[in-house]
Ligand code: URA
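Just one chain follows, in the form predicted alone, and it is written as structure tokens.
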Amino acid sequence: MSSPQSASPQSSLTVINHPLVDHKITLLRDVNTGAGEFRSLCQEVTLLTAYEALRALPTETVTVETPLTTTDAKQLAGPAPAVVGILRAGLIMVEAILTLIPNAKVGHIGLYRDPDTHLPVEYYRKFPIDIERREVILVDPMLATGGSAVAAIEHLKEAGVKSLRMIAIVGCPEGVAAVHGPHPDVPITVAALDPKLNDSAYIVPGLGDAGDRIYGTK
């Protein structure tokens, strides 16, 4: 389902390679796709991408009773993971992952990109109180300049997070390099890797502004 690519021996990038994902990404790219369908597609792509991204979550063996016998089986180990969405567009991905891990804790970090400098500006931060004990899944639909992702990762590490991975719908080489430069220990999984950023720091061909398209605000 996936094609792993290594940015360095310590870092990893996984690009999903699956016809269903390709089809849904094509629909997301289409300027004629409306907000309702765009939201549904973002959730569907997140689910398909998370399936691959979360295959390394730790498990433990427990004994359960089936209708026929008792057996040893695997379940997620330790405290439930925490899903941290970069506001506002990341919320749609948080909702999707909660359908896979309903007891996950949720954190939020509000960052917007300054239109002139393209640098992230923080306006909100709220993490689970014991986030340092949990596997953390950072989500944002677009990994463009990487500025917001790097800022979010730094805040999470300052909070004591030790195990962290990122999921995006569309990324680009500039964004991946920006994250893996200071944070080579953070695996990144994307549904699609586009060629470049344009002069306005938007991914090309990309999806446009994911937040505006999700919420119909433009």
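Just count from 1 along the sequence shown to find any residue number. From a predicted model like this one, the values you see are computed outputs, not experimental measurements.
Another form exists, predicted in complex with the ligand; not displayed. Remarks below refer to it.
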The ligand contact at residue 201 in the model of the complex, heavy atom, 4.5 Å: yes
Distance check, residue 136 to the ligand in the model of the complex, heavy atom within 4.5 Å: no
Proximity of residue 83 to the ligand in the model of the complex, heavy atoms at 4.5 Å: no
Can you check whether residue 113 is within 4.5 Å of the ligand in the model of the complex, heavy atom basis? yes
Answer among 140-148, 70-78, 94-102, 124-132 for heavy atoms within 4.5 Å of the ligand in the model of the complex: the stretch 140-148
